[in-house]
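Next up: just one chain, as structure tokens, the form predicted alone.
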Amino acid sequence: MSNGKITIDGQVLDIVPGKTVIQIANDAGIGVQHYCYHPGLSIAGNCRICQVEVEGWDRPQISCKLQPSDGMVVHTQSEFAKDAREGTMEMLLVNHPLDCPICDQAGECHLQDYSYEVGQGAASSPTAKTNLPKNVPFGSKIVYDAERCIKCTLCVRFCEEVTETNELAMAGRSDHEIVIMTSQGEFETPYSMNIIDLCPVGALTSRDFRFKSRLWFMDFAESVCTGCARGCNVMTGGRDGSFLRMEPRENQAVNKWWMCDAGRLGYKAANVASRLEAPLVRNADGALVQVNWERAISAAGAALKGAPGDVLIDGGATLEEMALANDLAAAMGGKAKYAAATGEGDDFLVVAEKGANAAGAELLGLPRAKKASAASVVIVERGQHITASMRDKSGAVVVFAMDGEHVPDSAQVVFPLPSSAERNGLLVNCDGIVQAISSNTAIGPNNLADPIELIEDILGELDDGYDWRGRDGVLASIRALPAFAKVDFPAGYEAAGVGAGS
């Protein structure tokens, strides 16, 4: 039975039970300006910027709350609708400070964008703007500026409806209404920084990212958080080699619109002062000295040739890296194992398994290392996975590491490992979903070699007849394994092709 039709900007669309006009319009690709609406939260209808014209109605209607009816005709771009939105913008800007040049939200601010689209070129109110509290700490991670706040209540609703921790509330009336913390101190929820993403203006900003960079000077890439096996989809942001921030990216099957604070701030591991930037070989005096890639590869082959041993690989390594680590171990007459930490989880996103690709390692048939043991090669990305004890007791002569602090004294050859934001590859999350990490070329040291290429080069040193496969060939061999027969690969990898980086 048909639920009827609605016409929006000339498009005849099906009425979907439970969906309001703004939701039907968005599904059809018809963008309707909004501040207080979010598909993951209740509808408040308090910002008024989503007003549209409905034929036969004498007043504009807010589309976020407007229930469709059969035969309804809606216009989002008529002069009637535009005039309504222009009046709303005028009211929102009456007390808003003119501080875009120093606001962290500049470049991704909906108020800024809409003011250009439907705002006026000059203020019409002769009265002075209302002064409200500024630089108010909301715990240790967030700063609140009440003068920029447009009272959309997205942050309040998130704390009420998603985390159910109720740290925020509205206080005051009229132009003196502000957001307040309901208790002193920290947020109870480990998901507090999601309110920064929700804020459509510059009222809530990150104390970590504050004043670090303008958005238009940064490069961004779609990737995956490797802080735990959930694999929240993220957008990485970097500039001039520095990893500056990580924010959630919508994926309804994995993390919806959210991510935890710990995962968001985990990017800092890529910026440590002890970050390795070039290959190292131990000289006759016992010191690790910088060499070129060719010499390091040759030295690695010499160190491993005739010395059978295992490979210990980080639980956050990609499927391709793990598969090649298994091949390398086989070439030395040993076996590959993976190591991954476990910890606390919750009933929302964070899982106890911290190895971002632990599920992938199991599909590849790699056993989990449960204690320290000998290994000729160690590939370590996060120190909590391959612990100091594991590294020191491995006796590894060839080490791949991101942080120089993670290199054991036994290492004869050290290769710098790109972070998860600097390389491409596949991970299998805790639910068996295969996802891609993608390189952001604005992050990390320049000219780091791909670990896949390096491992294949070492295999070539150990076997004169080794047949280089490249990433596509390695993926093809993974897909041929029985364990992956029914596994869905993301777009761009269907035929063992490489997904797009940045």
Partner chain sequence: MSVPPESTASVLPQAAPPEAVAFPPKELKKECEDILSRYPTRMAACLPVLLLAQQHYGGWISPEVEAGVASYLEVSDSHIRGLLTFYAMYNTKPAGRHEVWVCRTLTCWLRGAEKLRQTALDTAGVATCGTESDDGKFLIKNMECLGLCEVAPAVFIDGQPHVNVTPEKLTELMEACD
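Since the structure is predicted, the reported quantities are computational estimates derived from the model, not experimental observations. Numbering follows the first chain given and starts at 1.
Beyond the structure shown, there is the form predicted in complex with its partner chain, which is absent from this document and is the topic of what follows.
> Applying a 4.5 Å heavy atom distance criterion, does Gly286 contact its partner chain in the predicted complex?
Replying inline: No, Gly286 sits far enough from its partner chain in the predicted complex that none of its heavy atoms falls within 4.5 Å.
> Might Gly333 be said to contact its partner chain in the predicted complex, defining contact as any heavy atom within 4.5 Å?
Replying inline: It does not: once its partner chain is placed as it appears in the predicted complex, Gly333 has no heavy atom within 4.5 Å of it.
> Is Gly139 a contact residue for its partner chain in the predicted complex, using a 4.5 Å heavy atom cut-off?
Replying inline: Taking the distances in the predicted complex, the answer for Gly139 is yes, it comes within 4.5 Å of its partner chain.
>> Considering non-hydrogen atoms and a 4.5 Å limit, does its partner chain approach Ser389 in the predicted complex?
In response: Outside the cut-off, so no.
>> Among the candidate stretches 313-321, 299-307, 276-284, 165-173, which one is within 4.5 Å of its partner chain in the predicted complex when only heavy atoms are counted?
In response: Of the options, only 165-173 has residues within 4.5 Å of the partner.
> Pick from Arg207, Arg368, Arg295, Lys393: which has a non-hydrogen atom within 4.5 Å of its partner chain in the predicted complex?
Replying inline: The residue in contact is Arg207.
> Can you pick the one in Gln290, Thr182, Gln412, Asn251 that has a heavy atom within 4.5 Å of its partner chain in the predicted complex?
Replying inline: The residue from Gln290, Thr182, Gln412, Asn251 that makes the contact is Thr182.
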